[in-house]
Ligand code: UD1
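In structure tokens, the next block holds one chain alone, the form predicted alone.
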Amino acid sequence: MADARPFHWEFHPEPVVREVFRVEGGRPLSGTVPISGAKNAALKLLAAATLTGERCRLTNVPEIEDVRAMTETLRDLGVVVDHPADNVYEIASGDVEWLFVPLEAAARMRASFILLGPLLSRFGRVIISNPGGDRIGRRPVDLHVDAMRALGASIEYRNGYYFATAPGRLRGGEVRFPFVSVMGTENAMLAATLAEGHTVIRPAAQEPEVDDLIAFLQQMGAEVERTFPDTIEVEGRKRLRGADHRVIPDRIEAGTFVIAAAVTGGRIRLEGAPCEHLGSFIDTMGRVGVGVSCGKDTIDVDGTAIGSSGYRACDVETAPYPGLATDLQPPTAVLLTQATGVSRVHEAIFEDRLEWLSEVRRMGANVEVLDPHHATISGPNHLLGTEVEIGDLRAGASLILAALAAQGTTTIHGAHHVHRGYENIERKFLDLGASISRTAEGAAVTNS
């Protein structure tokens, strides 16, 4: 892959400032909370905008660290990214010449690998680092690489980087995954939109965020359709146009606030909430005994049963959509510490996602991790505030939930992880009546 420019990168990421949450628990939460745009949709939509040189406009984009990291990566590639207002991003990908996604970008955000498909398909070449991301288990990118090869790409791996080329155009074909992969499905779909001919992807992920990406691509003029629940078909086009699109609400954030009401014995209304995307989760809440009712775009949660009839133990198992989302397993585990009886948790997606339970155990939870995929939780537990450490994004939000349910003050180290995926989370909790503050290097950080 020859390039007239020297192989040198001027990426200078800002150093990560370690932050601490301090939470005074024992307060029932009440009020209304707005649900932000979906992190797992917004990142893929930003990548999809590189498929055209025309301007794309995205609204309801969450103001989170992962979005900032993605837009910074795009700008370093030569993409014009404007941010004219809160939650609004405009992207124009003209002649992007420096098609190199460095290690620094990939280490900050695993989703940077979603740029493989669109950049390779549109420009015919890309160098992209093996990605980083949360430490919740192996998430191999071999599926993405194999999908590109199925579409005619040539890819070599050297010194931590994938060197991908596609002489001429990618060619449509059949992309078969050994198991459901959300980002694998999305990468293959993005690559196929500009490929020559017809592409069939199966088993295709069924997550709402994938369908949101399909809707955006269709607005851009792509011929992409979900023909069966587990099948996506794409007829390649030579070029796509710019489009406007509103990001769907974040179902994981919504689930987090449902459980916040439940574990504190409060009442919360979620506004702009995607009830239709939370079927398995809401079913689980019903089995536990949490009162949840859905409106057109609201979810009302009544957690007062925690102080009267109590919650019931419940066995849960994660699965690809429409099953219980793996990202909602850690918050659900916090709820199960307040349920009467023995609950069994089967984490079927990631083998290291149960490790964080050692932190909630420090708060008094009766938790036993049986193996990398199975744990038992015996309750109800009287949680007490202490010092704990966040290891990844979803565990971080879950430790906040545990701290809100606990008596006393909990100090949560590694708070910066949470801001990767939750927009102004401490402000939202403050508005619900929580006592929570964030500090960095000994100085208080404002919550306005």
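Heads up: residue numbers just count along the shown sequence, starting at 1. Treat the numbers as computed from the prediction; the structure is a model and nothing was measured.
The following text describes the form predicted in complex with the ligand, which does not appear among the structures shown.
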Just one of 258-266, 177-185, 355-363, 96-104 has residues with a heavy atom within 4.5 Å of the ligand in the predicted bound form, so point it out. 177-185
The ligand in the predicted bound form has a heavy atom of only one listed residue within 4.5 Å, and of Asp142, Asp315, Glu156, Glu368 that residue is Asp142
With the ligand left out of view, which of Thr410, Ser398, Asn40, Ser36 would have a heavy atom within 4.5 Å of it in the predicted bound form? Asn40
Can you work out whether the ligand is within 4.5 angstroms of a heavy atom in all three of Lys44, Thr326 and Phe350 in the predicted bound form? yes
Can you check whether Arg169 is within 4.5 Å of the ligand in the predicted bound form, heavy atom basis? no
So, in the predicted bound form, is Ala111 in contact with the ligand at a 4.5 angstroms heavy atom limit? yes
Does the 4.5 Å heavy atom contact test between Glu207 and the ligand in the predicted bound form come out positive? yes
Any residue of 63-84 with a heavy atom within 4.5 Å of the ligand in the predicted bound form counts; write them all down in order. none
